[in-house]
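Next up is one chain by itself, shown in structure tokens, the form predicted alone.
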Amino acid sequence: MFDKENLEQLKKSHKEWENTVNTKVVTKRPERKKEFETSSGITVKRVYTPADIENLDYSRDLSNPGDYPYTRGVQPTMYRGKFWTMRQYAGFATAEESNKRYKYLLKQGQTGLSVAFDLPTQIGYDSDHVLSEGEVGKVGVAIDSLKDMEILFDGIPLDKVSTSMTINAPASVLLAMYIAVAEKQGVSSDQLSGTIQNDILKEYIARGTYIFPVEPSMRLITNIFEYCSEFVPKWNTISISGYHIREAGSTAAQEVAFTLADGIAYVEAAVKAGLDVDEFGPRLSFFFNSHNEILEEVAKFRAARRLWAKIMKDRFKAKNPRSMMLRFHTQTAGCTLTAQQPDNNIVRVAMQTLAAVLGGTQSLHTNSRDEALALPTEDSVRIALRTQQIVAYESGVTETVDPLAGSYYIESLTDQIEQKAAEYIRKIDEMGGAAKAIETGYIQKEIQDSAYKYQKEIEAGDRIVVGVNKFQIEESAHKGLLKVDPKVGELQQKKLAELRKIRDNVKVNASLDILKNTAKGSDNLMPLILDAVKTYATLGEICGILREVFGEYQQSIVL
């Protein structure tokens, strides 16, 4: 990309500058640290020049936005055409309460819905199960049956909104409920758009809301791929998530590596099940974290796009350009939010929002200032949404595509993150793939080591967290926090008891028997789960039947 003679002259000139002007200044006024590095352990040089990207080939490594390898973005015009989807993650207490919050957010200018489910729902238990006690409606909305789902989306036209559902182990059941609600609204499944997370491998790695062992879990995922490619073609069938991997303590490079390694495992499973990569590839999506180090985050997003394009083209021989495009949702980093001086979190979220937008995200959730203390209030949610809107309409960074391209630092950092991630993927391949690497605890151990290093830096004062280990103030107890009424559990139990009285239990039991028998074979389970949902079989009943057939996953302890 650069003339060799000019590069040699530049290197010589830069070395002279380092040895004269810069040495004199540093001797007089030493720098803050002996070494500067990113969260991924990449050394940050004092200054970057064309010599740091001398091997960069524009056509090969960057190209134009919307062209392979998509480093500069998956669309030619990006935000000049339309902004990212502003999709605030929300859900708490009952379906009625969450429905009110969704309508409030849509009224405030949100452009897509994102559903947070409570813990019992996430692990396939009804609200009246003994293990659900004390958890109903606490960290998300309680959904026990199609009846709850009908209430959740009451008055919200499902052919007009895009909905994301953060659900994994029971993703097939919640998707079936969504399809059934749409049918009741007169909306056919081929009109639905949205995403289910449906990423079980990262649950084994970092989050823990798994139910079934790996093999049947992968079967359910590929069943969804197959079913949606025929009946719900606009639906993103998986959101391969690095977000929770980063929340668990990974570096930026590890987030890319382990997320894409999981993606490889899903593609391999689908191909093994007989699906053509270009049938399901265009509906794969990803979910990343946006952390505080703005420039490393921008480089991370660019590196992830380029690496995934190469993987799909070279490894899986994808032909459809859309199969090679890494499209992703971003959420600002929950793990960076502090309970101390929570208003500081508004600034952190603004920086993380900027990083996601400069990195070319397709949709975005911005965390609220009080989430280190409780579920967010309406005021906090509005500020979080306004943060996105201010970046979109006032910052100017949306006027041109990939505005940081060509920065010597950004391009060098993009290359280094890609190289680090590719090396991790090579190691994981040698182990037999992501599932094997999870089984041996390799991925979990790598994340644990990074998290431990990060925490040690904070405790030693080598990494400053404003308001936590520096610039502290005396604070009184925080007021006005959102609290979920503990009676939510009792209310859900009453609703379940009433449902079981009025539904046709003969039909329910018949649908569950058919599902159980089919689960013992190899047929696609999605149509049968949908049939069971329509009889008002509960989430817990459906997952219970599958537990009987598949068993439950037993976690490996990694020390």
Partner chain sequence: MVASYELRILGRFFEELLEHKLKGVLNLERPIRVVVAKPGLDGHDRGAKVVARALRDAGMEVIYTGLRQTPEQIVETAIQEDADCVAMSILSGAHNHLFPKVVNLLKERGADDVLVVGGGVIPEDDIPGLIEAGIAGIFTPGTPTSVTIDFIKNNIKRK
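The structure displayed is predicted, hence computed values, not measured ones. Positions refer to the first chain, counted from 1.
Form predicted in complex with the partner chain: not shown, discussed below.
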For the three residues 372, 455 and 476, verify that every one has a non-hydrogen atom within 4.5 Å of the partner chain in the model of the complex; reply yes or no.
-> yes
May I ask you to choose, among 99, 407, 341, 448, the residue with a heavy atom within 4.5 Å of the partner chain in the model of the complex?
-> 448
Contacting member of 232, 149, 182, 248, with respect to the partner chain in the model of the complex [4.5 Å, heavy atom] = 248
Given 296-304, 382-390, 133-141, 349-357, the stretch touching the partner chain in the model of the complex at heavy atoms within 4.5 Å is 133-141
Check whether residue 72 has any heavy atom within 4.5 Å of a heavy atom of the partner chain in the model of the complex, and answer yes or no.
-> no
Taking heavy atoms only, is residue 120 within 4.5 angstroms of the partner chain in the model of the complex?
-> yes
Even though the partner chain is not shown here, does residue 208 get within 4.5 Å of it in the model of the complex, heavy atoms only?
-> yes
Although the partner chain is absent from this view, report whether residue 459 comes within 4.5 Å of it in the model of the complex, heavy atoms only.
-> yes
Are there residues in 323-338 with a heavy atom within 4.5 Å of the partner chain in the model of the complex, and which are they, in order?
-> 335
